[in-house]
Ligand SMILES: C[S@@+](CC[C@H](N)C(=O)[O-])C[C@H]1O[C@@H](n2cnc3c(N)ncnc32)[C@H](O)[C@@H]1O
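First, one chain by itself: the form predicted on its own, in structure tokens.
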């Protein structure tokens, strides 16, 4: 990863679950495919963003490449970006196994990725931005805005809190129970770590940061409690 100023936030220092751990990386898809269908998820994103066989996509925080490989089957070029070298390696291995030549894997993050080539038509970020504190979220959003071509789209899915602050204890407990029903105890345990150590923010803060970065929010949907999808345009 490219280094920045001495005071820049270190994205490679994990917040929450350590995705540089071999066991965690190898078990990632096993846990997530219990409640996610990568192909259907990718298809919904492709349709929502109007992507075509000529589209250039940056999958920011690509993880194991579950979405990247499906984007590559329908789009012209996919830049699969992640701060975890082991995740990037796994994504590249999947692309090779499926003989996908239009995926470029890059070990970098929101604050260090330098896009090369034509500006992307879309940036997709699913459940990643919460790894940054709010100050650095704003920097990341502005960097993504500047990276996109005019009229380009940002698909942002993340865990954002919208409950009244006075109800935070019951709201978090209820959310963790719903996570366990959906993904099992291991996913609940991971979500407990998320609340304790990661940087999910309030919905009103996220919306304002997106707008300050320059984006127009076209769609703002809650797909499950505390899980928000934003589809944004570079104006």
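Residue numbers count along the first chain shown, from 1. Model, not experiment: these values are computed from the prediction.
If you look for the form predicted in complex with the ligand, you will not find it shown, but the lines that follow are about it.
Engineer: Give me the residue from 72, 87, 156, 141 that has a heavy atom within 4.5 Å of the ligand in the model of the complex.
Structural biologist: Of the listed residues, the single hit is 87.
Engineer: Here the chain is shown alone; which of 103, 160, 128, 122 has a heavy atom within 4.5 Å of the ligand in the model of the complex?
Structural biologist: It is 128 that has a heavy atom within 4.5 Å of the partner.
Engineer: Sort through 166-174, 204-212, 181-189, 55-63 and report the only stretch with a non-hydrogen atom within 4.5 Å of the ligand in the model of the complex.
Structural biologist: Stretch with heavy atoms near the partner: 55-63.
Engineer: Could you confirm whether residue 147 comes within 4.5 Å of the ligand in the model of the complex, counting heavy atoms only?
Structural biologist: Residue 147: no contact with the ligand in the model of the complex.
Engineer: So, residue 109 and the ligand: in the model of the complex, are they within 4.5 Å at any heavy atom pair?
Structural biologist: Yes, residue 109 lies within 4.5 Å of the ligand in the model of the complex.
Engineer: Would you check, heavy atoms only and a 4.5 Å threshold, whether residue 199 touches the ligand in the model of the complex?
Structural biologist: Taking the distances in the model of the complex, the answer for residue 199 is no, it never comes within 4.5 Å of the ligand.
Engineer: State yes or no: in the model of the complex, is some non-hydrogen atom of residue 132 no more than 4.5 angstroms from a non-hydrogen atom of the ligand?
Structural biologist: Flag for residue 132 set to yes.
Engineer: May I ask you to list the residues of 219-235 that have any heavy atom within 4.5 angstroms of the ligand in the model of the complex, in sequence order?
Structural biologist: Nothing in the stretch sits within 4.5 Å of the partner.
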